[in-house]
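Encoded as C-alpha cells, the following chain is the form predicted on its own, with no partner shown.
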C-alpha cells in the first residue's frame, strides 16, 4: 500500500498514531514503515473489545500417564517401532528458538549461550548432540526445522554455519522465522518501537505451525514423508529429541499426539500439568490450580494432578493440518513494551504498560482428540536453563549435565 492507502486504512482502524513521525523519516524508512504496517494482523486487536474471544476453561479432570515402570517393561518394543518410523523418514523435529538470553544477562540467541566450564558447550550444541544419539542408533538423519524470530534469525543461522552445524548434516537442517503480533497500550493503540517501526513481538510458541507452513517447510517435510513432528523448546538441554521409545509408544497407543511429562517434585511445583478439559487433552497452568486440585490424591496416595509437561511434544502431521484452519485461543498478556513517546523519545518502562498477543502450544494439545502422557525421569531429561543461578538455572543445568556424563 502507498501512503494514502495506508493512511485511509489506519483512519478506519483508529491507528493513525503509527504515522505520527512519517514526515521526519527518510525515504528508506518511509518505505519500511509502510511495509511493516501492511503486514500487521489487525484482527488480533478485536479481542480487546470482545471478551467472548478469550479462552474460557472447561471441566478440568486429571489425566494419568504411561508410567516409567510400564515404559521400562515395554521399551524394546517401543524403540523398535520408533526406529522403524525414523528409518522410514516419518519423524521430523521442530526446535522453538526465537528468544534471546535476556534473563541470563546475555543479549544474543539463547541457544548460543555457552554452558561449558573447561570447554565450549553451547545450548544448541547440547540439543544437536542429543539428536545425534538417535541418528546413530537409527542410522538415519532426522530433518530438523529451527524456529527463529526477527530479532535473532541472522545470528542463529550464522552461528550454526560457523560451528558447522555441530556435525549434523546441513541438508537436514532448516530455519524459519516466527510470525509476529502487534504490541499495544491499554487502549489498544499499537505502539511505535521506533519512529519507522511498529512495536511487534513473536506470536507465542503456539504459532509455530502456521509459521512453519507459511515458510514453505510443511511442503518440504511432506515431500520427505514426515508423518510425526517432535516439537521442543531450546532451553531444556537434557531432553531427548525424536526419542525412539517416545515415538514408538505414541504410535502403538494410536494416539494422535504425545507429551513427555515428569512427576511433580512437590504438589505446588510451578509447572503446567497435563489433564483433560471437557474430555479432551489439555494443560492447566500451576496458577490455575486450586488447593484441592493441587493436593488431592488417588487411592494409592499419588497426586491426582501429578504430571508436569516439559514442552516436548509429538504431533501427527495429519492432525496438525486438520486443525490448522481452526482459530487458536488468543492469550492477551500484560508486558513491558519499549515505545516512542509523544515527545519522540524512546521509553523503556519498568512495569507493564500494555498488551502482547500470544498463541500457546498447549492450545494445540487441546485441539487433538487424544494425547499419550509419557513419563520420563526428571534427572535424565529435564534441565531447563531459565536463570543464571538457583532453580532451573545455568548452575543446575551444569550439575545435571555432569550427572548424565556430559563433559562440560
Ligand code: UTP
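What you see is a predicted model, and the numbers here were worked out from it, not measured in a lab. Residue numbers count along the first chain shown, from 1.
Only in words, not in the display: the form predicted in complex with this ligand, which the text now covers.
Is it the case that 61, 264 and 365 all touch this ligand in the predicted complex, with a non-hydrogen atom of each within 4.5 angstroms?
No: none of 61, 264 and 365 comes within 4.5 Å of this ligand in the predicted complex.
Would residue 169 count as touching this ligand in the predicted complex under a 4.5 Å heavy atom rule?
Judged by the heavy-atom cut-off of 4.5 Å, residue 169 is well away from this ligand in the predicted complex.
Contact test in the predicted complex: residue 386 vs this ligand, heavy atoms, 4.5 Å:
Contact check for residue 386: yes, within 4.5 Å of this ligand in the predicted complex.
Any non-hydrogen atom of residue 101 within 4.5 angstroms of this ligand in the predicted complex
Looking in the predicted complex, residue contacts with this ligand include residue 101, since a heavy atom lies within 4.5 Å.
Decide whether residue 79 counts as a contact residue for this ligand in the predicted complex under a heavy atom distance cut-off of 4.5 Å.
Flag for residue 79 set to no.
Pick from 226 to 234, 67 to 75, 322 to 330, 301 to 309: which stretch has a heavy atom within 4.5 Å of this ligand in the predicted complex?
Going through the listed ranges, the match is 226 to 234.
Interface residue in the predicted complex among 144, 121, 96, 85, criterion: non-hydrogen atom within 4.5 angstroms of this ligand
By the 4.5 Å heavy-atom cutoff, the listed residue in contact is 96.
Taking this ligand in the predicted complex as the reference, which of 335, 90, 195, 270 has a non-hydrogen atom within 4.5 Å?
Exactly one residue meets the criterion: 335.
Since the partner is left out here, which residues of 183 to 216 would have a heavy atom within 4.5 Å of this ligand in the predicted complex?
Counting only heavy atoms within 4.5 Å of this ligand in the predicted complex, the contacting residues of 183 to 216 are 202, 203, 204, 205.
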